[in-house]
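Below you will find one chain, with nothing else, as structure tokens; this is the form predicted on its own, and questions on how it binds or moves follow later.
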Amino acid sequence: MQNLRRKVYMTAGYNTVSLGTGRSEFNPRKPRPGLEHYIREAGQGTLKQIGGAAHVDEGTIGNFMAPRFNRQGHLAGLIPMIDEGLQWKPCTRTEGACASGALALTAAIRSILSETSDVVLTIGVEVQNSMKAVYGADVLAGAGWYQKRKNGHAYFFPGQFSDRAGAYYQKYGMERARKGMGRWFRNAVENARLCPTAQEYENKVPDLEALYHKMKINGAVFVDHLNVLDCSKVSDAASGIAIMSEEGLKRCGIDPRDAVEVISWAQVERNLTSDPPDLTELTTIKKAAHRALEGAGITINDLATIEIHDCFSIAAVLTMEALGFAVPGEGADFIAAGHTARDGRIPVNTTGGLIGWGHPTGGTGVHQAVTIWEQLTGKAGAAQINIPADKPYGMTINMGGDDVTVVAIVYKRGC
């Protein structure tokens, strides 16, 4: 078990709306909020819960591709824009593709552990509806080894995970895999309907699995082994949360019961320039998740809920197998049986995950942390699930690229 030199807490989570297709207020032909708007809203939403900027020692911000999506780099310099009280305080930007948000969290955790800060404001943000999807796909291809881009699919990352899905179908059967993936889509949207900030909040389709299976796979217009409902959303959003020591909680007047304690975490990196060792396994997620669980001294059976990185439905199937909830080849069956639904054996992505809530790439890791904080402290509103007294733990798994950078964090309900 990992013994941290001091206790680390997260509290005061805040999410903006995840804006993109599916939201009634989204119109690609009309001006929309920019990067600064989202950073300011998420930051101020967290500051209001901790008594203001005067209590903050430091800031971290996770973002993937603002220099290309928004022509804006140097995002650490936007943190003081949130509030005058943040002027002259140290701030850092982290980048690790879609794991950028979780890297901002771990940077804050390290500052608390090193005793250089007691309160760190952490933001995760991405505004990526600034260009057409096919051009955005080229930007997002930077999460992989760009030398492979010229030989990759026009929709590069859907193509990468389409290849994983194709390998999985060939090895274990397409029909049973698609059944589980269809149930995953249904669960994602059903959960999103309970979260007002979710991109699919307004989705009213009565039979989601029928819709999923009706939408045929067509490699001539998209990719060979997935349809668009297998894919996470192109989203504009930001999330904020405060990382604190015990002294920080006291400074801000926050009861530990309104916080979650970080028990353990692990970051694992795979060589970006090499192909995955096995297309039918998320090897890096498997290593990171089990290191974090081992560090926490618990098993998957102690978890009340998990937020996983379902950038594509096949990633969800492979993650459930990597965690050990199902043996290889049976992850889709596990999902199809309802075990990952909000009333199932292990509720997963209770506000919709990347497919239902949205995927603002650099913001996803922080959004996952906010969701776990809400669930473990009973602040999830209509999306609240039952947290058993004997299962006070939650977990987040944030993946960057095709299983290249992975951060897994284990949390415990404060007391």
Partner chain sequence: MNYEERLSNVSVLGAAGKMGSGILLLTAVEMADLSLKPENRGKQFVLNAIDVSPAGLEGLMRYLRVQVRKLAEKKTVFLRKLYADREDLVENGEIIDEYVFDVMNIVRPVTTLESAFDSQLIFEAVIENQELKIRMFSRIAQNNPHQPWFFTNTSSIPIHLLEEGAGIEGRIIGFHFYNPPAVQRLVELITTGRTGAELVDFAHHYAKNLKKVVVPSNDVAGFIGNGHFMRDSLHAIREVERLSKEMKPVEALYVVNKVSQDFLVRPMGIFQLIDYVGVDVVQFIMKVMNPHIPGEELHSDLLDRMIGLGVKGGQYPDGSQKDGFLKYEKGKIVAVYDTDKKDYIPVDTFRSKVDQYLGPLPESFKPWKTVNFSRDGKDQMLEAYFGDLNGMDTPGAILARRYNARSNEIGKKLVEDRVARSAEDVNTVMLTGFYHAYGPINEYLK
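Being a predicted model, the structure only gives us computed values, none of them experimental. Numbering follows the first chain given and starts at 1.
Another form, the form predicted together with the partner chain, is not on view; read the next lines as being about it.
Heavy atoms of Lys132 reach within 4.5 Å of the partner chain in the predicted complex, making it an interface residue. Contact annotation for Lys150: at least one heavy atom lies within 4.5 Å of the partner chain in the predicted complex.
Residue contact check for Asp138: one or more of its heavy atoms lie within 4.5 Å of the partner chain in the predicted complex.
The partner chain in the predicted complex comes within 4.5 Å of a heavy atom belonging to Lys214. Gly219 is the sole member of Gly73, Gly77, Gly219, Gly297 with a non-hydrogen atom lying within 4.5 angstroms of the partner chain in the predicted complex.
In terms of contact with the partner chain in the predicted complex, the residue from Met81, Val228, Met174, Ala154 that brings a heavy atom within 4.5 Å is Ala154. Partner proximity in the predicted complex, defined as non-hydrogen atoms within 4.5 angstroms of the partner chain, places exactly one of 107-115, 306-314, 240-248, 220-228 at the interface: 220-228.
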